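As a starting point, one isolated chain is supplied in structure tokens, in the form predicted alone.
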């Protein structure tokens, strides 16, 4: 983002590994939306992997130290820490939560990273920034092309709101923050049964059968609820529901053709960000026909 532009809000930004690789469209659309809304993002210097799902299953100290060091690096940049990936958000928040509770672990981690952990650095998911910091009223006022007639299944998955004492984003069993953001930009969230169910996460390589079963149930629930598309906040969820969708269709015999958007892609469309800056071409299930039908493309 331009260093000369004045921003109403400014944040440090931790993209995480996926947003610089398989989920580049999430990174690109995040920057496009925030720039359009005059929200500044400054990427954390020298950040590295947070450990994601595997690290804490292998070595707890390693997992905590990875996130603690990233928090330490983020402490060098002004502003609360903005995070897009639900897995990164969960791990960073979990690290802060555990180290606040346990002085012994905190001291072990500080020894491992050779420095203090900034436990007071606020870690915020993009949803919280859009819905609470920026505000739903201002978001509604920034809309140039409302998502009128677009029926959206808002998919939270496992990590955004649970366990309740860690993310502190919304009600862990009945969240509404995604739906509120979508309503603000003119979309129509649908009521459906699987918005908090697991997609299988990183079993995608080790146990693909689990992925096919769980992701099929999510797609079926969204389709049966009348959704045109699904909206996610997690690259793992996006991969399982988008990349695997054709394989799921072949295995089940059911045709879905369900585009899977990141939050920032849909908000970006509504706020007038060019489709070229939203990474829509990277989606395996093309959204082009649906968006043209709704006069959004």
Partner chain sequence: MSRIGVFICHCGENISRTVDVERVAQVTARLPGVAIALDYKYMCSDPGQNLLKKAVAEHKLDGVVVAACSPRMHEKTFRNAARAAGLNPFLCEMANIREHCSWVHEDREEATAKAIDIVKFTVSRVKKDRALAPITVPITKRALVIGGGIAGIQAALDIADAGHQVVLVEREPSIGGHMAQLSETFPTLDCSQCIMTPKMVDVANHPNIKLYTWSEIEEVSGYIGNFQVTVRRKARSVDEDKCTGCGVCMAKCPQKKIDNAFDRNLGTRPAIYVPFPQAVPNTPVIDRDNCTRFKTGKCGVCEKVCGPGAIDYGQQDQLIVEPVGAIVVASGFDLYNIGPKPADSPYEGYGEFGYGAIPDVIDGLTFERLASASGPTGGKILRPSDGKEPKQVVFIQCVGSRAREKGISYCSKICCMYTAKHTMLYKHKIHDGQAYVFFMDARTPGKNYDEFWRRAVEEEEAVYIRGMVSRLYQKGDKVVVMGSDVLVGVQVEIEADLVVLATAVQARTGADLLAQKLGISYDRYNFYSEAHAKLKPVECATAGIYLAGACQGPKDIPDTVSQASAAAAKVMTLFAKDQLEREPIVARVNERNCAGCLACKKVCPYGAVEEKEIRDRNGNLIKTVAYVNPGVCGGCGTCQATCPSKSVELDGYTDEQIMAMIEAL
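Residue numbers count along the first chain shown, from 1. Fair warning: this is a prediction, and the values are worked out from it, not measured in the lab.
A second form of this protein, the form predicted together with its partner chain, is not displayed here; the remarks below concern that form.
Inset, instruction - Have a look at 142 to 150, 70 to 78, 102 to 110, 167 to 175 and name the one stretch with heavy atoms inside 4.5 Å of its partner chain in the model of the complex. - result: In short, 167 to 175.
Inset, instruction - Check whether residue 125 has any heavy atom within 4.5 Å of a heavy atom of its partner chain in the model of the complex, and answer yes or no. - result: Because no heavy atom of residue 125 falls inside 4.5 Å of its partner chain in the model of the complex, the answer is no.
Inset, instruction - Report yes if any heavy atom of residue 131 sits within 4.5 Å of a heavy atom of its partner chain in the model of the complex; otherwise report no. - result: Although its partner chain is absent here, residue 131 would stay clear of it in the model of the complex, with no heavy atoms inside 4.5 Å.
Inset, instruction - Using the partner position in the model of the complex, report whether residue 206 sits within 4.5 Å of its partner chain, counting heavy atoms only. - result: Residue 206: no, not in contact with its partner chain in the model of the complex.
Inset, instruction - Classify residue 179 as contacting or not contacting its partner chain in the model of the complex by the rule of any non-hydrogen atom within 4.5 angstroms, answering yes or no. - result: Flag for residue 179 set to no.
Inset, instruction - Name the single residue among 183, 121, 162, 97 that comes within 4.5 Å of its partner chain in the model of the complex, judging by heavy atoms. - result: Of the candidates 183, 121, 162, 97, 162 is the one lying within 4.5 Å of its partner chain in the model of the complex.
Inset, instruction - Counting non-hydrogen atoms within 4.5 angstroms of its partner chain in the model of the complex, say which of 136, 210, 225, 196 makes the cut. - result: Result of the distance check: 196.
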